[in-house]
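Take a look at this single chain, the form predicted alone, given in structure tokens.
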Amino acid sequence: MIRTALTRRFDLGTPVIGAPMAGVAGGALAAAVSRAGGLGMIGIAGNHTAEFVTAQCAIPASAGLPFGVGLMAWVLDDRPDLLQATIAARPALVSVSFGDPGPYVAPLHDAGIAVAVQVNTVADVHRAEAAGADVIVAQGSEAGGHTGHRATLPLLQEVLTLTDLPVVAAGGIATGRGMAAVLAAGAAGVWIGTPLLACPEGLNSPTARARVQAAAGEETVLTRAFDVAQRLAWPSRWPGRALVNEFSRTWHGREEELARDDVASQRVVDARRSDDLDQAPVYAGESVGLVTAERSATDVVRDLTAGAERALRAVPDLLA
């Protein structure tokens, strides 16, 4: 069994956290990750309601499984009801990312809830520590969904020199070898999203899961085009990594023009409703080429852990 500061803090069987991917990571996916000994997270976006938070959290909670919730700081500024519903659900961990976590750490700590903060720059690390974060998530640009502009390994190494808090690595980790690599580098765990995109427990559609399984690792793009098209208030420093499609080929790099094109904007809005993935985004990271079959998240986490254990056992053979 792999034991780290993360597994000891949260009494986990493996140092794996399921990323809180809004629109994908609901209660069923979180529960499936936790059944394998990890910590499943539920992703909450600005279009969700407090009732959604309560209902999704009840799924792992009713099974007696630990779980976490992922919140976006820039959303919470106008949606305190999401924070209140999260606190009421009593998760083991709440991540507050994409903005200033400062106003939200104290209320979570007062409720006895640990706080993770996702970081993409050195400045983010200092802000997370000043806010009182318990866990730092070093997220590299290989990650799917909204992310920064630094690669995982350089960022992870720098974060590890800056903090004594447990650091979890995110971005591009999809195999036991990848998990072993960041653990050997000093990470206390891994934060995985893309490997869970083809799991039947996810909230995404069968069409989206099939698209993920067919994609190659080279077929992603880091872009603001989908946010601009949907007129979302995502801070510009966090573009989103998604599978390349017809819309991104047309509009990536033309975001200023897209902001004035209401016809193109409506095309994406309509496509999300109809599951037209030539126009709507499918957020996925650069490890997507390793996701080739629809499997339970429980099996994904178990296989990831077993592969990491094998790789770590082999490390002493490298030493003369």
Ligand SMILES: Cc1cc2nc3c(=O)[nH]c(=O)nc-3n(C[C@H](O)[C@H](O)[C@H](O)COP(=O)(O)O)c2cc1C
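In this text the structure is predicted, and so the values were computed from the model without any measurement. We number the residues from 1 along the sequence you see.
Just so you know, the form predicted together with the ligand exists too; it's not on screen, but the next bit is about it.
Looking at Phe98, you'd find a heavy atom of it within 4.5 angstroms of the ligand in the predicted bound form. In the predicted bound form, none of the heavy atoms of Trp251 sits within 4.5 Å of a heavy atom of the ligand. The shortest heavy atom separation between Ala19 and the ligand in the predicted bound form is within 4.5 Å. Within 4.5 Å of any heavy atom of the ligand in the predicted bound form lies no heavy atom of Phe67. Look at 214 to 222, 156 to 164, 189 to 197, 101 to 109: in the predicted bound form, residues with non-hydrogen atoms within 4.5 angstroms of the ligand sit in 189 to 197. With the partner removed from view, the residue among Val182, Leu82, Met72, Ala229 that has a non-hydrogen atom within 4.5 Å of the ligand in the predicted bound form turns out to be Met72. Interface residue among Gly178, Gly145, Pro91, Gly202 relative to the ligand in the predicted bound form, by the heavy atom within 4.5 Å criterion: Gly145. Contacts of stretch 104 to 133 with the ligand in the predicted bound form, defined by any heavy atom lying within 4.5 Å, are made by Gln118 alone.
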